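Take a look at this one chain, the form predicted alone, written out in structure tokens.
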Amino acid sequence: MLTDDLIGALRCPLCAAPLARAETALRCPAAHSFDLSRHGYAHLGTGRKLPEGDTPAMVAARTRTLPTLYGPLAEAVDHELMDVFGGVFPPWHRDQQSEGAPLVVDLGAGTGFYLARVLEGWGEAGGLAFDVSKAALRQAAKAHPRAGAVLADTWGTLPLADGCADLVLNVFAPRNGDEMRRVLGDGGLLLVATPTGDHLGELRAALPLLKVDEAKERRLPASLPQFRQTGARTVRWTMDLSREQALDLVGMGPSAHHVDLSGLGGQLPDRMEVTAGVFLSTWTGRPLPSRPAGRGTRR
């Protein structure tokens, strides 16, 4: 749900002014107006064509799969945050004079599965899920009582105030380092999850799926020069899958945009074991240069 506190972190994507609720829309002082969907998310697109997002079929597969098969990754995210935070969220720049609850921003959030798990562990925090898929945002808008959902291109300028986020999540999603650093508060934390080279390797061997770049983990620091890495762990687990579950794993991922799934079931056994591998890393922001006027701040 987009509460007034969460809306307070948002900024007009056209002029960067603060937004406020106005019946079924969000408006800035310059009268730019953006719809609030009846499904619960804010549409902060600016008219240009957005990147291709998850289709309704991909979202349905993701909704079935994440709670049943990706629990180990959600637990690993919890453990990584506990290790970094020592059970106190957020531990860095807040004091009794700070305004508002801690804010978690999930970029490329999909259905909001990981954001909801993080919010469940940090009782005072609110969360904003960003994605370009309307089907995914319908799920993210109701993923957790303290979460709101926003349709926006995470490759562009994020409609968020400077330094508004205490934690930024980036799980299997594109990384816009400059914007992630701009919206992350000084001392805040970025958590990134990327697939390892052997992630779903058995499925990739059996089916004509997109390959995982085996050098992705090594290239990650170069893609985030605005940040300093503070921690890392690799999470692996084995999934015992039915044919239907295996097809859901394929159908929820990027290969679903490029591969005809209708005939793939015949190439799979009734059951198979599939390896999942994810590289988790945490980062803090390097000092920012002087910021140009106009973006606005939340605190």
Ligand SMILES: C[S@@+](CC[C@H](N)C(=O)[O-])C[C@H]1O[C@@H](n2cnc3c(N)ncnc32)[C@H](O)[C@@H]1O
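Every value quoted in this text rests on a predicted model; they were computed, and no experiment measured them. In this text, residue numbers run from 1 along the sequence as written.
Heads up, the form predicted together with this ligand isn't pictured, but that's what we're talking about next.
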property	result
The single option of L224, L190, V171, A116 touching this ligand in the model of the complex, heavy atom within 4.5 Å	V171
Residue stretch of 160-168, 195-203, 182-190, 103-111 approaching this ligand in the model of the complex, non-hydrogen atom distance within 4.5 Å	103-111
Triple contact flag P51, L66 and V132 to this ligand in the model of the complex, non-hydrogen atom at 4.5 angstroms	yes
This ligand contact in the model of the complex: T154, any heavy atom under 4.5 Å	yes
